[in-house]
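In the block that follows, a single chain appears as structure tokens, in the form predicted on its own.
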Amino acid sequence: MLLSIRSLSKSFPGTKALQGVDFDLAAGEVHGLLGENGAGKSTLIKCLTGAYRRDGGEMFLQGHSINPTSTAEAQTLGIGTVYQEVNLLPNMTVAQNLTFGSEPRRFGLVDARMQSRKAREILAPYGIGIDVDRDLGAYPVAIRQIVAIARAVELSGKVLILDEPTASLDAAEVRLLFSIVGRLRDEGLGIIFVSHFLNQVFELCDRVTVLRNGRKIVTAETAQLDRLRLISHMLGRELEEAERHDRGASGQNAERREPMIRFEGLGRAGMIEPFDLSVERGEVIGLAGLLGSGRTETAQLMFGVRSAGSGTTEDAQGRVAHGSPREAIAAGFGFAPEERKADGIAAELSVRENIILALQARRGWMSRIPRAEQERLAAHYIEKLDIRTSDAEKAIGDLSGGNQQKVVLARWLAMNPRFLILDEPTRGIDVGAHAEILRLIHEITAEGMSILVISSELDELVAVCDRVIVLRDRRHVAELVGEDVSTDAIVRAIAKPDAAKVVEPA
């Protein structure tokens, strides 16, 4: 075996990122490494490449124990990595990038002619006839990826890690990359392929290993593993034919409500294919799909975080502008993002200040909310949402994750939006806070607000949603409505290789 990892463990404060993980890679193999957010893929790669020091376990390369303490040492051992965002220098030439750190010299100076010749020799097996004396940034992403692969193979030559290499490539560029990966496999390289695109995994990989919550779930030959079983391993759901859950008050009412907002043809090339979606008053819509399927991108287009390349949005009064978060807030939209600490809270500000942020933005910064009104709003939502804080002036960064999430919800409730987007609203919070947030979703939709919930927890979607939109490979591929919303139906729609049919309520 080319590479063997045994009982690899790594912990961070409050998190066991890897728990006794085993992993093997053979020479001449493409091995898919799969899992959702927090599964442990990135941690495993960083331990293997020396970016992290492991807490326990052993790693062997060609039978020899290894313990790289830096990425440079890992490269010396023979382990190279190419990331989605190419980690080369676009303002340097292709030749300079390929020979960086090992430039041919003459009389102590870099020999530019020999450097270019060496770069052409490195690239010759890859079949791309490019000018190596042009800046790397002048070439498309696919060419930059190939240059990065060529450099990694030149420096390392035993193990190549490809971390989401196709995320920014079109179909023709993916074919080019796959042909190169196939040739490297035939030459005996061991390749670890990390991707969220299951079609590509099944096409390219000889074996796959699935991680979930820091543990290895399964390693299997791709030819012996069907899509449904693979997705079940990734999501942690075993299917039952007659599975049914109590979907809560909102889900029990399948009758159509008053239309409020309609998105038509909304999309952006390379991000999410155009989709239509009608949002009804007081409705909870779920977005389901694997990581990388386009869930968060859909929310970002709706809230104007990313500009749409196509489509229109209308309500009963006509066209709705939401090309920026400012416009979206003015239109009555709210958005609680997935990355709570990075994008959702201002950690240094108080609970009070975080709660009034959206309302203040909607009113405009020239029309300041009086301090007395700020305090009243903060006190009201601290009580209503049971936010556990000593007082409203405490820094939100000092609160637990669940209470931070409640403050983010309070911010949007204070603005009273008509349409609220919640991206992974219960991730990283305790069981009590989880139940409270689901209860709040039922309460606020009963008052007429519409909510879009993005969640990787399928039971959560089944419990609160009237409809679930299923995404796959950056496309909206299925809609489940009313009693047809079940974890079984969601997983099958995710796994189905062709577009699933819209399911209408009985």
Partner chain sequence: MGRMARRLAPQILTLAALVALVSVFFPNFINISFDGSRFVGPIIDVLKRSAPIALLAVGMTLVIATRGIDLSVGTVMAIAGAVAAWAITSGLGLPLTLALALAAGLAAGLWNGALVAIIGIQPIVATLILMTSGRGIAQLITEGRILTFSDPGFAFIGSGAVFGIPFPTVLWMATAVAFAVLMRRTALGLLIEATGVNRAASALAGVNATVILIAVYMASGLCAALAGIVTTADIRGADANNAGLWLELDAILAVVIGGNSLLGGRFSIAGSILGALIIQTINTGIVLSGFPSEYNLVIKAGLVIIILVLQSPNLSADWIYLRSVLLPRRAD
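Model, not experiment: these values are computed from the prediction. Positions refer to the first chain, counted from 1.
There is another form of this protein, the form predicted together with the partner chain, and it is not shown here; the text below is about that form.
Asker: Counting only non-hydrogen atoms, choose the one of 186-194, 347-355, 279-287, 204-212 that falls within 4.5 Å of the partner chain in the predicted complex.
Answerer: It is the stretch 347-355.
Asker: Which one of Y381, F303, F419, F263 is close to the partner chain in the predicted complex, taking close to mean a heavy atom within 4.5 Å?
Answerer: None of the other options qualify; the answer is F303.
Asker: Note which of A410, I329, L177, A119 lies within 4.5 Å of the partner chain in the predicted complex, where distance is taken over heavy atoms; exactly one does.
Answerer: In short, I329.
Asker: A342: heavy atom within 4.5 Å of the partner chain in the predicted complex?
Answerer: A342: contacts the partner chain in the predicted complex.
Asker: Please run the contact check for P274 against the partner chain in the predicted complex: heavy atoms, 4.5 angstroms, yes or no?
Answerer: No, P274 stays farther than 4.5 Å from the partner chain in the predicted complex.
Asker: My question is simply whether P325 lines the interface with the partner chain in the predicted complex - judged by any non-hydrogen atom within 4.5 Å.
Answerer: Result yes; P325 sits at the interface with the partner chain in the predicted complex.
Asker: Tell me, yes or no, whether W365 is in contact with the partner chain in the predicted complex, where a contact means a heavy atom of each within 4.5 Å.
Answerer: Contact with the partner chain, yes.
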